[in-house]
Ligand SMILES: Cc1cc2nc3c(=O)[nH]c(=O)nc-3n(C[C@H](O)[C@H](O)[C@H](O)COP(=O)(O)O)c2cc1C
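Heads up, the chain below is alone and in the form predicted alone; it's given as structure tokens.
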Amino acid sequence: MKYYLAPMEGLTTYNFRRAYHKYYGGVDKYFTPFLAVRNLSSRERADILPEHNEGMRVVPQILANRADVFLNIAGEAAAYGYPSVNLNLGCPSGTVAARGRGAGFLKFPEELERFLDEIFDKCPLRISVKTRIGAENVEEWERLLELFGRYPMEELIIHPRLLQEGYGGRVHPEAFEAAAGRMKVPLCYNGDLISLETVGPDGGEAEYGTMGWLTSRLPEADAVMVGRGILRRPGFLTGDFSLVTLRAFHDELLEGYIRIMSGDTNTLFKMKDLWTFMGESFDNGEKHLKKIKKSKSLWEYRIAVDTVFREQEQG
């Protein structure tokens, strides 16, 4: 089984990827947070610079509903030596979907078809697609599968939920099964993988959200994309849950953001955002998270983090 790091806007940037790869690894492909502007900003360009992604297999992800925008960004990726890009048809964010991008593009199959015709005809790179199974009802998936099956995509990454479902409720595994019966390209599963356990706590059938559930229910998956599971427990893939590794990973992240960001406020925003997930690596995570969120300077933040790790060690 291959493992991919999901693109999470503002979180899995190159600073995170480099630190994660150094201290944990276990990821076969790292997907960048989406690139959405025809002329990339300095921040977006920095995220895909080859020197910021050395030693990793990185795939730039593109969020677009206009072929010229997609092709322009893909051209920049090609100039940096990337062999492939990923099309985002999966983001359920309200602001993204309202503009007909991400999973919102699935509402307009005719426009999507014209878009796919052009990018697959003109793009100099291989294209993979990350998608949801429809916007409002699962019956949409049949038409989407018929459409996707026309193109020589490198890979299809499926989050088997609808746009309107966001990240709530259980996924629709039958949609992934339908794709396995129709598509002739590698398939990657994305959604709710929170444990690599292969059996249940009583030694019986594996629970939903575990690797055991996935491999027994969806054996056709060639790869798995994990996002929130890795952010919550960085040792998710390697089984390294030691505080020593986590602290080293945290400190490298922090120092990287101090170098990149302008001022304490921006750095603290980044780190606090990560702690909303990473706090789950600790006992009494909510209590620790409150201490960290109260910090208003890097000095206060460092003291709060020291306290969190010290209390965890003593506990």
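So that there is no doubt, residue numbering starts at 1 and follows the sequence shown. The model shown is predicted, which means the values in this text are computed figures rather than measured ones.
FYI, the form predicted in complex with the named molecule isn't displayed, but the following is about it.
Peer 1: Looking at 179, 218, 144, 225, which has any heavy atom no more than 4.5 Å from the named molecule in the model of the complex?
Peer 2: Exactly one listed residue reaches within 4.5 Å, namely 225.
Peer 1: Quick one: from 34, 249, 257, 275, grab the residue that has a heavy atom within 4.5 Å of the named molecule in the model of the complex.
Peer 2: Spelling it out, the residue with a heavy atom inside the cut-off is 34.
Peer 1: Spot the stretch among 103-111, 133-141, 187-195, 72-80 with residues whose non-hydrogen atoms come within 4.5 Å of the named molecule in the model of the complex.
Peer 2: Looking at the other structure, the answer is 187-195.
Peer 1: How about residue 298: is it within 4.5 Å of the named molecule in the model of the complex, going by heavy atoms?
Peer 2: Output for residue 298 is no: heavy atoms all beyond 4.5 Å of the named molecule.
Peer 1: Is residue 241 close enough to touch the named molecule in the model of the complex, meaning at least one heavy atom pair within 4.5 Å?
Peer 2: So residue 241 does not count as contacting the named molecule.
Peer 1: Would residue 210 count as touching the named molecule in the model of the complex under a 4.5 Å heavy atom rule?
Peer 2: So residue 210 does not count as contacting the named molecule.
Peer 1: In the model of the complex, is there a heavy atom of the named molecule that lies within 4.5 Å of any heavy atom of residue 11, even though the partner is absent here?
Peer 2: Yes, residue 11 sits close enough to the named molecule in the model of the complex that at least one of its heavy atoms falls within 4.5 Å.
Peer 1: Let me know which residues along 154-173 have a heavy atom within 4.5 Å of the named molecule in the model of the complex, or say none if there are none.
Peer 2: Read in sequence order, the residues that approach the named molecule (within 4.5 Å, in the model of the complex) are 159, 167.
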